[in-house]
Every structure is written in C-alpha cells, then in structure tokens.
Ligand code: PGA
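Presented below, as structure tokens, is a lone chain in the form predicted on its own.
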C-alpha cells in the first residue's frame, strides 16, 4: 500500500440510489473532514457516474464503475467500455463480483479479460473473489480462492486490489470468524506474491456494517473494506470511514 494511503474504503451502491438520493448523500460528504490516510471510492450505477463525479470532484473520493466489458468498443448492446469509464472520470472498476458471476454467468476467463482491458485503459481494478458456503464447510475455501485468483489475475498488472467477499456472507449479516478472515487474507497475499512477485492489498467485503467494522479492521492483513448495503446511507458510510481513520490513529 502506498506510503500516503494506509486504508481503503470502497462503497458498492449496486442498483441503488437515484439522482435525488445521491444529491442528498453528497451534501453530507461536503460537511465531513476527510483524512489523507484513507483512500475511498464510490461505485454508483453507471448512469449516475458523471453526476456523482461532478458533485464530489473537489473531495478526496474517487468514482468507479461496477463492471466493464473486455472490448474497448463494438456491437455489445448494454455493455460498458473501460475506456468510457476512464473518460467519464472513473479511477477504479469493480470486477468479478459474485452477483456478476452468478446472475450474469461471468466466468474466470472472461473476468481476466475484463481486468486486462481495464488495466490497459489505466483503470485500477478491484478484483472480487469469494467461496460458497459449501466450499467453506468442505474445507476447500483456500483452494477455491487460489483457483479464482490464478484464473482471473491479469498479466503484468499494476494498481490491482483484491476484495475477499465470501458469497455466503454477502447481504446475510453473517461474517467469517476473525481467524478465517485473517487466514484467507494472508493466504491471498502469499499466493499472489508467489505467482506474480507482487505485493497486493486485500479488502474484506460481506455484510460489513457500522457494528462490526471496528473488529474487522483489527484483523491482520485487512487493508480496508468493500461495503454494500451499509454504504447507501451517508451517515453509515461516514461512520465506517471514521472507524478506519480511528483504527489507523490507534495503530500508529
């Protein structure tokens, strides 16, 4: 992680918040004092990327796309180009989210192609990985995540972050134990270093909220969080952000 950034807070709004809601949300952001020790990005619905970007352009918060296609242009109705995201003001793109993998049948090879195209377009990639409850209960979680990373990791990547989101935890209120999170994050870092000779930051995602954020951030090798439902209200998003700031200050 860069010397000037010590923690990452990412907010995935998914298909939520309309124009009025976004306007109200950003009013709270402008009243808040942000830290230069925290890197933050909001992933709004595609249609509101421009709108959000214009509202927060003078704040230390990046805007990102929730997905991108593996082609820069062409006859792909309903898809979005990484180049278009970059041109619209995005700094990051979220790829491999379990909802895309499951609902849109995106496989590892396709996600790798999307990640490579995004990096070639100078976007920073947050690559999501996560196992099912069956994988976890059968003791195959580490092995499953290894394969996801091995199959999805683009060549010669830079500025790539991995977000570990156990599928069974997303939106359920259930989260792995502190040991399970630490074990997985440590395993991911070691595996990526082994196959790419690069150090990587790993975020935790999956039912992150204002009640559990402090305990999650205390876990070794957690470099930040990817937040879903708890990021839809400015008050909760800023509470999670503040918890990250406090964690850093008490860790110094």
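None of these values were measured; they are calculated from a predicted model. Residue numbers count along the first chain shown, from 1.
Beyond what is shown, the protein has a form predicted together with 2-phosphoglycolic acid; the following relates to that form.
Novice: Which among 148-156, 92-100, 132-140, 119-127 is in contact with 2-phosphoglycolic acid in the model of the complex, heavy atoms within 4.5 angstroms?
Specialist: Only one stretch passes the 4.5 Å heavy-atom test: 92-100.
Novice: Using the partner position in the model of the complex, report whether residue 206 sits within 4.5 Å of 2-phosphoglycolic acid, counting heavy atoms only.
Specialist: Close contact exists here: in the model of the complex, residue 206 approaches 2-phosphoglycolic acid to within 4.5 Å, heavy atoms only.
Novice: According to a 4.5 angstroms non-hydrogen atom cut-off, is residue 169 in contact with 2-phosphoglycolic acid in the model of the complex?
Specialist: Residue 169 belongs to the contact set for 2-phosphoglycolic acid.
Novice: Any of the heavy atoms of residue 68 lying within 4.5 Å of 2-phosphoglycolic acid in the model of the complex?
Specialist: Flag for residue 68 set to no.
Novice: Closest heavy atom of residue 227 to 2-phosphoglycolic acid in the model of the complex, within 4.5 Å or not?
Specialist: Residue 227: yes, in contact with 2-phosphoglycolic acid in the model of the complex.
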